[in-house]
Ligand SMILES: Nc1ncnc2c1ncn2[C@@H]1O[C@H](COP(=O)(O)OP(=O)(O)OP(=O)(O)O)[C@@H](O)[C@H]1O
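Okay, so here's just one chain, in structure tokens, the form predicted alone.
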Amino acid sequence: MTGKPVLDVRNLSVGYMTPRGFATAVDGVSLTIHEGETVGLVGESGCGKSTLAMAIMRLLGPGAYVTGGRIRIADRDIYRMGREELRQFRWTHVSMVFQSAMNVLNPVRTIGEQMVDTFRAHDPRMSKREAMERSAELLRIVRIDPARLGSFPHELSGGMRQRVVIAIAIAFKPKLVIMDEPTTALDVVVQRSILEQVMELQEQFGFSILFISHDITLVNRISNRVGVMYAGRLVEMSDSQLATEEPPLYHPYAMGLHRAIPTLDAGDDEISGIPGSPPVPLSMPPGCAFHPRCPYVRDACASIKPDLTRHGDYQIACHLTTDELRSFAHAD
């Protein structure tokens, strides 16, 4: 990928202090996103995707600690910033679309009031009138009638609320937008409409995207590269279009994610979930964390943690050889 890195995460580890001990949620993750690039991040609930996103935004809550690594956005280390510098940096350089628009928006304030507050918080010199004009312009960009500035969140549909949140996220033309499950709870028609608009906005404004989801087909559809997370680690990184080539090359966990997706022409016997459950961070299995659920487990998997290793255009953390990975993926 050409262009300067907008996001550069190196060996990041994040954990939570719990009554039962320290639980590692992100374990040595490295990730780079370049100008204008969309990188998808996929995995089951609890794999560390949202913790990674909150760490990048420096929004981790009480009890969460960054225990290693660094994060640079636009070539600046966000964990070396003071509070005021960080406040100005957010939304002008990096912004975030959170999972539930209904929970993000204040239910007792109008859309216009909340958008005006955003503008004036980052530019105190801006008048209320100017902020309202900018807010109306943003609503037009995301195809919402500016008359809705006087509406409360509950008066908007789920898709409209999500568009409002996206409008707020791009208000200051950031270099990076993090989208954490932005289409959760929306029907497939609205979901497709929003994703198409996100791609149009990216082309118009040129921002990069970290798109987080549990839906690997959705992520493949809009991403330049796709990362797969399991038990806090990045176990695969590949160009999304490579997933359509024959034979493909997948980490065994990514194979399971693909097989679990139903298709219109699939019979009942052709759809299979991944057996077992993800490991608990407080009692992570030794070696490869996926080995208790992996159908291709080897002796080394139970004792040696595999590194993320390049296999041609892919990076995969697995003890299987390239030929074995291709043969298992192609067999299905």
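All of these numbers come straight from a predicted model, not from anything done at the bench. Between two forms, the rigid core is the largest collection of C-alphas that superpose within 1.5 Å. Position 1 is the first residue in the sequence shown; the rest follow in order.
Same protein, other form: the form predicted in complex with this ligand, not shown, and the subject of what follows.
Although the partner is absent from this view, Glu113 stays clear of this ligand in the model of the complex, with no non-hydrogen atom inside 4.5 angstroms. Within this chain, Ser45 lines the site of this ligand in the model of the complex, having a heavy atom no more than 4.5 Å away. This ligand in the model of the complex is approached by Gly159, whose closest heavy atom lies within 4.5 angstroms of it. This ligand in the model of the complex is not approached by Glu203, whose heavy atoms all lie more than 4.5 angstroms from it. This chain appears without its partner; in the model of the complex, the one residue of Pro278, Pro306, Gly28, Pro281 with a heavy atom within 4.5 Å of this ligand is Pro281. Residue in contact with this ligand in the model of the complex (any heavy atom within 4.5 Å), chosen from Met199, Ala147, Ala185, Leu86: Ala185. The three residues Tyr16, Ser50 and Gln99 all sit with a heavy atom within 4.5 Å of this ligand in the model of the complex. The stretch in contact with this ligand in the model of the complex, judged by heavy atoms within 4.5 Å, is 147-155, chosen from 147-155, 220-228, 71-79, 118-126. In the core-superposed comparison between the shown form and the other one, Arg143 has its Cα shifted by at least 2 Å.
With the core held fixed, Ile71 shows a CA shift below 2 Å between the shown form and the other one. With the core superposed, Leu176 shows a C-alpha displacement below 2 Å between the shown form and the other one.
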